[in-house]
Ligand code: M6R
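One chain comes next, on its own, written as structure tokens: the form predicted alone.
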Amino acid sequence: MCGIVGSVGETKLRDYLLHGLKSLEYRGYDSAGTAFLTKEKLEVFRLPGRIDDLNQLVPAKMHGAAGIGHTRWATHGEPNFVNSHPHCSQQGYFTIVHNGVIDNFRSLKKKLQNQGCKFQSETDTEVIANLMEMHYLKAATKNPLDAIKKTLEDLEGSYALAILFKKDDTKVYFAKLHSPLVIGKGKNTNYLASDYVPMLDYATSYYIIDDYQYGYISQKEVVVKHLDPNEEKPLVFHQTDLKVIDIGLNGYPHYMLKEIEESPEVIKRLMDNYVDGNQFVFDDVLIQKFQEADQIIFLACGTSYHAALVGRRYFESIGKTSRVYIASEFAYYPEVKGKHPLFIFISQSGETADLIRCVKIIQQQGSPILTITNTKGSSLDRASDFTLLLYAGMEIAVASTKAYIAQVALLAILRAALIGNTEIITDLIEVEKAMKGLIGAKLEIKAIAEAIAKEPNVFFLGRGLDYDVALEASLKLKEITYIHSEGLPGGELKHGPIALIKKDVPVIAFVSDQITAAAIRSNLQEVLARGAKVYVVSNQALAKEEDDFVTRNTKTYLSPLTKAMVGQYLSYYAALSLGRDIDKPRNLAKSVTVE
């Protein structure tokens, strides 16, 4: 969730650190800081707030030979100056930034306090810095890399670390476990970052650091070691197809709006990558695993969980018993039925900590794992037996839009491949056209959004696939408007929630399925009778004259793609009318790398 940058070499250090942190804003944060090291001194700048504020704090002519930077999303201690990164050890030997959570930091802190160590912050990060210093000072041979290794052996939990050692301004040290960290190789400079984005203007090739690896970068050298020397392997650097242009606004006022309107291109790109003429392009072994599986088990969180709900219906419809679990629950209460389950992990970032925790549970029982992700080379990609990429392009806004569209569309294509249904191509072309129609009619949705933004509570109703979309639309509204919202099955109203319906409460209903259309409209009469303000979103085949917004027809099983896009527009325009920070909503982060 936090972001790390680091560099040593000939680059303009201040520019890289602040540019890099700015490019990581999409990950979510509540404070930020940098540290610059030269032979003369170490200078640390940090504060609660935005990168723009940090930019004002760091002197324009600030120089350094080596440096690190951080955006923090608070886990231990409130977001204030004292808890902001970087953190220094008591005697200043080590300065570090840290992503992740150290589970045993309290016992380690008590041990250090018993030895006379005093702490300034509430963070687990400061514990790491002081632990390194303790190991360094106690060692007969004063080697910072040995001190780092001994510290890592003491830690339980997750970490990505960038570290400065005060006696050597030619290196930036690092370590990684369950939290992403990438090395970038440039001309007479090497870089560290939480992902590729900060380094796109600077590095020419990249190395994704594995779990339990640690080491350092210098101007011309990259040294990577493993806590288990038997696991050390040659470094292989690679290129990335991500381009700087992918993260530009291209004239849009917000990334969220840009990414909503990239959805038709996402559909096209998925077809290009997974369908070749009348043939599907999937690994034959993966297809065989699906055929052998007696149960499909989805694990996901948030928006990806809602995509998994749609995926469950897809596979149930072709005779595959399927279940969906929230990953953070499954991690503690794993439940597996069937002798040959196939697990599907869905994660936009591929770094979701709750899913990573589930990997070991599933690997111990020997079941195959398929990861569906937007991020090649991510932790889940590398830990899984199979990976299907979303090809959605970089998603910057915290609220996921086009990645959800890609997840549902890819699950539909996978279902079609399992039953040999090449009509999916025509069906998705219809969806692409319907989405372009939505873009042209978005101001009609804006009018509805501005009306619901005035109310403190909003309800979304649906049945079947429309209920799955109602949950996702409700989540989007919560995320970026801070309006209380619920998604409900239409038939459940009378079992309790209808008690919340009163005059002028907005109720938004999705009507996409002939089977349930009459039933959901009957439910709407129940809320109308109690004074609710009802908005109906239907398609042409099921529309009535009084409906508020009508989408073009698509096949019913693909209706979540267009209805979700309507929900995304509703949330965007409601947030816009309320003056919210749309791309960076409060308390949220893009890549959830803590449990």
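Quick note: we count residues from 1 along the sequence shown, nothing fancier. Small disclaimer: the values here were computed from a predicted structure and weren't measured.
One more form of this protein exists, namely the form predicted in complex with the ligand; it is left out here, but the text below deals with it.
J.: By the heavy atom within 4.5 Å rule, which residue out of K171, K176, K476, H87 makes contact with the ligand in the model of the complex?
T.: Only one option qualifies, and that one is K476.
J.: Between the options T71, S512, S347, N99, which residue brings a heavy atom to within 4.5 Å of the ligand in the model of the complex?
T.: Contact check passes for S347.
J.: Within a 4.5 Å heavy atom cut-off, is A453 in contact with the ligand in the model of the complex?
T.: Answer no; every heavy atom of A453 is more than 4.5 Å from the ligand in the model of the complex.
J.: Indicate whether the ligand has at least one heavy atom within 4.5 Å of a heavy atom of L389 in the model of the complex.
T.: L389 lies outside the contact set for the ligand.
J.: Although the ligand is absent from this view, report whether I209 comes within 4.5 Å of it in the model of the complex, heavy atoms only.
T.: It does not: once the ligand is placed as it appears in the model of the complex, I209 has no heavy atom within 4.5 Å of it.
J.: With heavy atoms only and a cut-off of 4.5 Å, decide whether T303 touches the ligand in the model of the complex.
T.: Yes, T303 sits close enough to the ligand in the model of the complex that at least one of its heavy atoms falls within 4.5 Å.
J.: Only one of 487 to 495, 444 to 452, 468 to 476, 502 to 510 has heavy atoms within 4.5 Å of the ligand in the model of the complex; I'd like to know which.
T.: In the other structure, the partner sits against 468 to 476.
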